[in-house]
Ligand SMILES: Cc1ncc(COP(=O)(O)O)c(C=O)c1O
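Only one chain comes next, encoded as structure tokens, the form predicted alone.
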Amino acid sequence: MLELSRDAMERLGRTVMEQLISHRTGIRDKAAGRVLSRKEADSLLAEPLPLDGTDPEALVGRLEREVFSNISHVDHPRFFAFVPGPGNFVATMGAALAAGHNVFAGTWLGGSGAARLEQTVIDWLKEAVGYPWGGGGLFVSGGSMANLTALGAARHAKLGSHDARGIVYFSDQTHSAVERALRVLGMPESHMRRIPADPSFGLDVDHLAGLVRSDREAGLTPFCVVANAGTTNTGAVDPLNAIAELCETEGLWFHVDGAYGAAAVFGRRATEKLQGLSRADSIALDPHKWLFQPFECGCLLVRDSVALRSAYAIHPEYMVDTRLEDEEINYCEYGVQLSRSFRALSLWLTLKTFGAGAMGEAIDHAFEMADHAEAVLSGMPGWAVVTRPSMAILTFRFVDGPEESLDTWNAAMVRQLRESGVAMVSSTLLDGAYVIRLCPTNPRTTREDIEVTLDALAQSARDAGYCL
């Protein structure tokens, strides 16, 4: 029951592998993305529960036609929206191996080899960010879970029995995952201090220090500051060293949301910006972004692994068999999940195959592409760079027209580009104005890809008669 013959498994495996290789080698010729309407999606995929089976090879073909052709290809070399997930084929094979062997990575008893390999990869990441020997961490699903896990540990370490007076601080450019995590932890909005960003869209440390003082004077308990190592809006990096100094003086937990930007420690271009990262108590880092892993592959690093275990280790009677006599690591004691997949395998395989140096070169390439985009935009009449490239993100805007129409025109161009399939960019609001974001973190992106994308935006402006 629920088995295929060896021949059928081999045929299905070949079919899947051929589809994956064709996708990888032919992605440049595909649309950067296609979005179905709900009506279109229902007509293709809504169906009753099947009572009888179907040939799985035929199902793989159907998936290619009806599902995988109707997604945003975040690994496309002209996908510049949000923060792309470029992936790499070696990591894909790692994910397949982890799934195929059905590895349970929650306890040492369930996967001692997997746990030890995860520790090895965590050690590599600790070395990259400059963490000490006593540091630790674990793999999670992404930045949302990494931030949640870190903030839970911070509250436990600094507030003990969930002191209701605890206050946390972050800039108004911080990712929504942080606020969501605080909500999950039961923190009221009145205890979240959103600090208006400075003119460079970083955290204003003087304002932060003043708030900490006033909250203490009001009888509250400041316990955590969340800084950004690459905001989603503009790629801004908060002044990490200055924040670290304040946190050390005030006895606050210093957490850095570096979901995409912290990985730039592998390259050369962000060395100065990321000074102070190693002083953080915890760092959220998403390998499925700038370390080219498949989704879902997030990571949390901590300076002191005891803080994680203290916050999350629980020993019910039905887990007694997992308590061995050696120095084993049960990763279920360091975070929220008991059932965990073997996410570390893909990154281990990638780093062993290509080396950290190649990863750094791929990251630095993104900085070069963002710089090239800025240079191209500077020669395009009617367009203006709003924020210069920071951590390979830049924002810009069409400005050749009546001020009251510009937001609508820019939004229309983003939509038209997406619908054309040529490329995908995203947008955001900065100081109340609509701007276009470009995030070229895919190492397969070329200068021509940048030029084609910007030319397509300019052409849509000309076609619509926006240029006056």
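Heads up: residue numbers just count along the shown sequence, starting at 1. These numbers come from a predicted model, not from an experiment.
Note that the form predicted in complex with the ligand isn't included here; everything after this is about it.
Looking at 318-326, 191-199, 364-372, 282-290, which one sits within 4.5 Å of the ligand in the predicted bound form if you count heavy atoms only? Careful reading of the contacts points to 282-290.
Only one of Y331, Y260, F79, Y169 comes within 4.5 Å of the ligand in the predicted bound form by heavy atoms, so just point that one out. Here the answer is residue option Y260.
Going by a heavy atom distance of 4.5 Å, is A181 a contact of the ligand in the predicted bound form? A181: no contact with the ligand in the predicted bound form.
Could you confirm whether H175 comes within 4.5 Å of the ligand in the predicted bound form, counting heavy atoms only? Answer yes; at least one heavy atom of H175 falls within 4.5 Å of the ligand in the predicted bound form.
Touches the ligand in the predicted bound form: L349 (any heavy atom, 4.5 Å): It does not: once the ligand is placed as it appears in the predicted bound form, L349 has no heavy atom within 4.5 Å of it.
Although the partner isn't part of this model, could you tell me whether G382 comes within 4.5 Å of the ligand in the predicted bound form, counting any heavy atom of the residue? Judged by the heavy-atom cut-off of 4.5 Å, G382 is well away from the ligand in the predicted bound form.
Across 222-245, which residues bring a heavy atom to within 4.5 Å of the ligand in the predicted bound form? Contacting residues: G230, T232.
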